[in-house]
Ligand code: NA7
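What follows is one chain in structure tokens, specifically the form predicted alone.
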Amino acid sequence: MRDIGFIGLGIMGRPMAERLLGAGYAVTVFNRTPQKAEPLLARGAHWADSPEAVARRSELLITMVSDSDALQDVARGPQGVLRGIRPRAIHVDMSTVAPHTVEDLERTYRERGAVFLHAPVLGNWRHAAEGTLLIFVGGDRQAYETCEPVLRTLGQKIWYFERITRATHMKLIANSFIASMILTLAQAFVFGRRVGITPTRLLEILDASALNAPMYQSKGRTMCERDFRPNFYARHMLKDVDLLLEAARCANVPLPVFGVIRELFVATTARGFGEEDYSAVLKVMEEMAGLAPEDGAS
């Protein structure tokens, strides 16, 4: 399997596509903003004018897009993947989307004689560039085994689930930890500053304790530096919390804490921080506490 299509060249998609090029795969790319493809084209990738055109050239097609609507448009649009996909070809979506979306697409692709897998990832753009993502794969086992070597180029560890939505749900559960951890860290920073404990001292103590986590240290440092350049957009975190709450309702599982978390990310996006890193929720917590950023985050 050498001919790979890649659609979606954002923060995560571009380094993933670059990784595949570096591994020697022939990669055809498409992105709604063509300029984002230029660095890949300079490295030997091929451009296609639509998802349909990508599908016509590819044995395996990978998508990394922003949300369920974007995935449905890529798959079902007037020039979508389903208009061009080859018989027995495999479409692996690696985005964070709704469980009902992947169930719907799995069924539709099967009717067209092709295969749809869902393989969302855990990690940031650095992990994507290094090929150290964690990948949850759900769907047809034979198709997974066919594309496994490609996925192992992108990830250091893969968990396979026979039922496609289990991979989807696993990603939402993982992101629930991310959302709750960043809020725990943000409120600790704000509370600590109010009572005279600096964020750096707090991180130092966490680092020496069983309470520590790598995420606390990495995000804590960037928050101290007021560096909110996006590794993961705040608006995407809000989208994922909404997906989690919807999936939990369907499973009849209460998630009371996430009602509050959702409102804080609603406030983050409403204040104009949606295009910043999700750690920008710290700014909302500071505003709620009446703390100015220049009060000395370090």
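When you see a residue number, it is the position in the sequence shown, counting from 1. Keep in mind the model is a prediction, meaning the values are calculated, not measured.
Quick note: we don't show the form predicted in complex with this ligand, though the next part is all about it.
Only one of Met64, Val29, Leu238, Ala55 comes within 4.5 Å of this ligand in the predicted bound form through a heavy atom, and that residue is Met64. Site annotation in the predicted bound form: the residue of Leu154, Met223, Val74, Val92 reaching within 4.5 Å of this ligand with a heavy atom is Val74. This ligand is not shown here, but in the predicted bound form it comes within 4.5 Å of a heavy atom of Lys36. Taking non-hydrogen atoms only, Thr168 never approaches this ligand to within 4.5 angstroms in the predicted bound form. Among residues of the shown chain, Ala70 is one whose heavy atoms approach this ligand to within 4.5 Å in the predicted bound form. Though the partner is left out of this view, Ala280 does not reach within 4.5 Å of this ligand in the predicted bound form, counting heavy atoms only. Of the candidate stretches 227 to 235, 258 to 266, 39 to 47, 244 to 252, only 227 to 235 has residues whose heavy atoms lie within 4.5 Å of this ligand in the predicted bound form. Residues are counted as partner-facing when one of their heavy atoms sits within 4.5 Å of this ligand in the predicted bound form; in 2 to 38 these are Gly8, Leu9, Gly10, Ile11, Met12, Gly13, Asn31, Arg32, Thr33, Lys36, in sequence order.
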